[in-house]
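Just one chain follows, in the form predicted on its own, and it is written as structure tokens.
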Amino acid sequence: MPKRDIYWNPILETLPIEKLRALQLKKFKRIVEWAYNNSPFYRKLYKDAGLEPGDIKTFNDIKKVPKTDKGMLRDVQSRPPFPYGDILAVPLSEVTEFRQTSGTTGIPVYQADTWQDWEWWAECWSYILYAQGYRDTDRVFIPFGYNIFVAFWAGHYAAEKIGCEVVPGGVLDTEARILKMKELKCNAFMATPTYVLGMADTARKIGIDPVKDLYVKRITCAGEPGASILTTKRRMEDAWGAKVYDHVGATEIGAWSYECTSQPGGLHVNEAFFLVEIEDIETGEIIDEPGKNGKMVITAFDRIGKPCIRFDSKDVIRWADYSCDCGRTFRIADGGIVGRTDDITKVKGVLLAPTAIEEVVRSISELSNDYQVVVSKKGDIDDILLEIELRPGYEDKKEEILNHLKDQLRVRINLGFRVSIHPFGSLPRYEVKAKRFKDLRKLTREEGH
């Protein structure tokens, strides 16, 4: 029997599958009806498709419901009420929280949440943190700049909800954050994988060994796929002497998945609060069998201010063919986010996912944590440039390391790379989401060359 004290909500997290599916169908019908009755955008979308809320009677009917995507959410913002548009399903006076997406492409999407929605965000995150071992005895440091991006806002409030003591490190620089964590003996924090590694580098520069001199036992990551990439996870855990856990969410969606202390090799989907469908990228058919990659289409059941219904996330995931020792009945996304349909691109006829490059680079201990990939055209031929740094002390082994790196890239990715070595510390460093992959071919196409 699973231990009951490891769940934030033991009833929902261990609900028998048939009851869980019945709950999901009931909640899906409810949010579609809510959106139809209260959001002009959704009402028109569904009427144009010839759909009435009452048409949804079984799980098989769900695929009849039109999908939404980020482009649609941007377009609707041009209509009143400002700045969200008529996708809003509550009066503007009920909106209490503003956030916007942090992506680098296109106009940001503005997110409206009611107070009820914000409580829902914190509840979603409570599932995450409790599953990762956070308790009321923990002192949690939040090292991010509190601003218009949702980032770890909800993580902060969930930690408080669980009973943790929360130390907000917003305006401090990285060095000051490290010193404050040392001073207060903080034993947990949340950050992107890039910043987790960057903080460790900064600590060592000022003479602090994160393993010996700090007190961190657990780290929660978000914003990048790195914590589900074993080579990156290992780097972070070695740098801090702590357990590293992944979580995936999005501004428009919410905090929909989490890794638990059992770490089965994937992320639990919070199926009590979300419906995740995996769609074949080529055919659009729904994938139920494990092991097959597809595009995630997701619905947030309980978000009422700006509903998220059958949202095309562009994330590529696959169902796991295993369960977890923790006893949760929620399905598992094997390996977390495998990639994104708008990041996976053909280079020299080979499908390339940026996460595959990260896995190779982070597997070579002599390389620094930071790198950059630039894809361009040399005439009619695709060119891939990988910019790297060697860790200090390995300069005399440059050729040996380069040869090993190129071999690994060719074997594991099946592509040849040009590799450029930069002085240690010279490549860009990031505090939030890293922007390591640049496809200059897209810019060329957009400019009409």
Partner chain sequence: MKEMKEIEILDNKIRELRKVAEDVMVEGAEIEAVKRNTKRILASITMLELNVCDVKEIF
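This one's a predicted model, so the numbers in the text were calculated from it and none came from an experiment. Positions refer to the first chain, counted from 1.
Another form, the form predicted in complex with the partner chain, is not on view; read the next lines as being about it.
None of 290-298, 242-250, 120-128, 162-170 except one has non-hydrogen atoms within 4.5 angstroms of the partner chain in the model of the complex; the exception is 120-128. With a 4.5 Å cutoff on heavy atoms, Arg30 counts as touching the partner chain in the model of the complex. Not displayed here, the partner chain is approached by Glu94 to within 4.5 Å at the level of heavy atoms in the model of the complex.
The partner chain is not drawn, but in the model of the complex it has no heavy atom within 4.5 Å of Lys435. In the model of the complex, Phe141 stays away from the partner chain, with no heavy atom inside 4.5 Å. A single residue from the set Phe311, Tyr371, Phe273, Phe149 has any heavy atom within 4.5 angstroms of the partner chain in the model of the complex; that residue is Phe273. Screening Tyr322, Trp115, Phe98, Phe82 for any heavy atom within 4.5 Å of the partner chain in the model of the complex leaves a single hit, Trp115. Along 13-47, these residues reach a heavy atom to within 4.5 Å of the partner chain in the model of the complex: Leu15, Lys19, Ala22, Leu23, Lys26, Lys27, Arg30.
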